[in-house]
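Next comes just one chain, in structure tokens: the form predicted alone.
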Amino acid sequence: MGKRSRARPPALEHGAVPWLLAGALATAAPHAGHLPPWLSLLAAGALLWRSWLWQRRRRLPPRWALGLLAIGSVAGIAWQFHSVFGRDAGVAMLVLLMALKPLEMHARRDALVIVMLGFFLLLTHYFYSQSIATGVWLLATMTLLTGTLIRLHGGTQPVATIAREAARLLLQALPFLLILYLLFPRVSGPLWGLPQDAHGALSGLSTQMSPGSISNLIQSGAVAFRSRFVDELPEKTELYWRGPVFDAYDGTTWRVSAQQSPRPAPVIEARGVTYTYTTILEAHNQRWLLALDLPTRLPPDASLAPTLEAVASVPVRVRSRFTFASSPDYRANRGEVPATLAEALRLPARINPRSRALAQQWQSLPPERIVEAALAMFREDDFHYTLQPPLLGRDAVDQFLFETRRGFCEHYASAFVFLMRAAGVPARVVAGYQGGEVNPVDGYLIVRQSDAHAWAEVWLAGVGWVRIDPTAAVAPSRIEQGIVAALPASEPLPAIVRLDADWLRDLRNRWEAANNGWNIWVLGYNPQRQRELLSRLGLQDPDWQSMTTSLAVLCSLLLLSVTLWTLRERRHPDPAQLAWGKYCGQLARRGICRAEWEGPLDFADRVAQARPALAALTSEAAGHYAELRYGRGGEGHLRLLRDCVRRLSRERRNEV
């Protein structure tokens, strides 16, 4: 009988189930936005079902039913993602396991599986977000899971006591966390290799531009990048951040040219003030680095493309930091190669006849006068700047210039470049961002997706490529004051951009400054920053061997310190613990042994079942100890607990 009792896994206490369900919900719920709706509903339904079974004390469903449900759900995941591997499919599988496991949870070991799965599932949240809010949520959830472990092994206790003990345990782990964070050899990019589908949701400028593409991007308030200048900030009208250059046009869409012929390196002549600045660029899965037009000094592993945009050697798939020098006043490629100029004059045939006819009237003028004539038309005629222009047909430029006259920056840039090419002036479309807003809290200039912009560029003999912004002729406030000043309140701009109240704007600035600091000092702690920090601490030219040695030595010293502190504490035993140990020792001599994991109240219940004659005394002793250990018990409870020890001793002597 005794052997069978020891072999049987400890049963799960009824009062511990809500802790486990809360942990499952806290770890799985943030993934609802990344999962198919049917899977989120299935997971929520499974947890609600288990809660109902717990409340009504009903039996759990049979294993064959859970097996069928699990097989069907896995098949659904495979059908949804076309695989059971990869980031999204893998996370979906973990959430499914977390939702179904409580439905077969009978013993404590099942509960431990849920807790360990919860700790693992916490890591997957960083696949989707690495913000401060995510870190705070994960810290709170980790405290909840730790508290669940305490509840499983410590029995019924006040929630505040469990929370306090969980926080104490996590604080004890904090020194190890700091040592591992500072000294563990860093790798470039994320700590774990992300699967191929990890960059599918990144937003930003594309390799092509058609009517509506940038106006759609404008409706996002997400940060595209942040820049901090060493000295003064350029004028707002000079804040053109150069991205992809479109020089191939099919009548509807502008694209980056696919021409692969070798071209000479660009020749840049800086004429005015040169600004030095550092940019923290958000991941956008493209190679362009969005430098201030036009960069004269580039970071390592970057180059200037023949179309004058700064590009990295690989796509930017993680938040990255770059240092540039740029001169807004420049002369670029005054001696341009004929192939590039030919590409900048090419137009598809038999489209936009009215625009071609207008451009032919200007062909006798010098190129500078042609540019002025087109800008004067935009400035003086009844053109409107709007995010909601009418749809255009096959002859889109004709309809825009002579009929609708309502458009956004891509409409004006596209129409202007078409006119220039039709008039014989080499021209192309440049996409990027214009403007930005300085955060007074940390001094960074924040450029959002809502600052996306498109402008034109023409080549003039003896001068080179010159930036022309047709939007500035129609809506000069867009360039001088920003997108909000150029559009009426009815236009669909993001709320974060339209903040009017000073206190809301201040709150936003403080939150974004905190996020920027988190990005720089936590998420941006890369191998370079690690080497800089360790060099300041005395580790010159640290490599992975020296860092591993330092890591092992410091962790060993920390473990030794914790061990010595623990031994010192054991020399002064807790009086309540000592009295309770004496009581349990006397019961052990009577054949009732308390397991180390068993809480006082649970142990008292088991004693009552095994020895009803000792039920009242043991329940009284366990209550006093629980109040001393986990509640607000004082000297009175300690005296009563010691009295229980003496009474149990007298009963044993009387039995003898």
Partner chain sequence: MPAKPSTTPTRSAIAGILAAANTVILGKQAQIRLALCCLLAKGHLLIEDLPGVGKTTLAHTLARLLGFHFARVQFTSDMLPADILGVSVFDRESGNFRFLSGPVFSQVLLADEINRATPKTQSALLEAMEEGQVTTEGETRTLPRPFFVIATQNPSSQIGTFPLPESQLDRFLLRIELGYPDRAAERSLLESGGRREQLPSLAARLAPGAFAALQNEAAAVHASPALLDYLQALVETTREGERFVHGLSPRAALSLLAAARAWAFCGGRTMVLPEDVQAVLPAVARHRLRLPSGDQADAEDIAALIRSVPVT
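Numbering follows the first chain given and starts at 1. Throughout, rigid core stands for the largest set of C-alpha atoms superposing within 1.5 Å between the two forms. The model shown is predicted, which means the values in this text are computed figures rather than measured ones.
This next part talks about the form predicted together with the partner chain, which is not shown.
A.B. asks: Residues in which of 148-156, 96-104, 291-299, 348-356 have heavy atoms within 4.5 Å of the partner chain in the predicted bound form?
C.D. replies: Contact criterion met by 148-156 only.
A.B. asks: Even though the partner isn't displayed, in the predicted bound form is residue 548 close enough to the partner chain, meaning a heavy atom within 4.5 Å?
C.D. replies: Taking the distances in the predicted bound form, the answer for residue 548 is no, it never comes within 4.5 Å of the partner chain.
A.B. asks: Given that the partner is absent here, does residue 51 sit within 4.5 Å of the partner chain in the predicted bound form, heavy atoms only?
C.D. replies: Residue-level check for residue 51: no, no contact with the partner chain.
A.B. asks: Taking heavy atoms only, is residue 642 within 4.5 angstroms of the partner chain in the predicted bound form?
C.D. replies: Residue 642 lies outside the contact set for the partner chain.
A.B. asks: Examine residue 597 and determine whether its closest non-hydrogen atom to the partner chain in the predicted bound form is within 4.5 angstroms.
C.D. replies: Judged by the heavy-atom cut-off of 4.5 Å, residue 597 is in contact with the partner chain in the predicted bound form.
A.B. asks: Considering non-hydrogen atoms and a 4.5 Å limit, which listed residue (577, 134, 477, 207) is close to the partner chain in the predicted bound form?
C.D. replies: Spelling it out, the residue with a heavy atom inside the cut-off is 577.
A.B. asks: Going by heavy atom distances of 4.5 angstroms or less, which of 164, 529, 236, 263 would be at the interface with the partner chain in the predicted bound form?
C.D. replies: It is 164 that has a heavy atom within 4.5 Å of the partner.
A.B. asks: Of 624-651, which residues get within 4.5 Å of the partner chain in the predicted bound form if you count heavy atoms?
C.D. replies: In sequence order, 624, 625, 626, 627, 629, 630, 631, 632, 637 come within 4.5 Å of the partner.
A.B. asks: Would you say whether residue 164 is displaced between the shown form and the other one, judging by a C-alpha shift of 2 Å or more on the superposed rigid core?
C.D. replies: Yes; residue 164 is a residue whose C-alpha shifts (by 2 Å or more) between the shown form and the other one when the cores are overlaid.
A.B. asks: On a rigid core superposition, would residue 580 pass a 2 Å threshold for CA movement between the shown form and the other one?
C.D. replies: Yes, its C-alpha moves 2 Å or more.
A.B. asks: Any chance the CA of residue 108 moves 2 angstroms or more between the shown form and the other one, core superposed?
C.D. replies: Comparing the forms between the shown form and the other one, which are aligned on their rigid core, residue 108 does shift its C-alpha by 2 Å or more.
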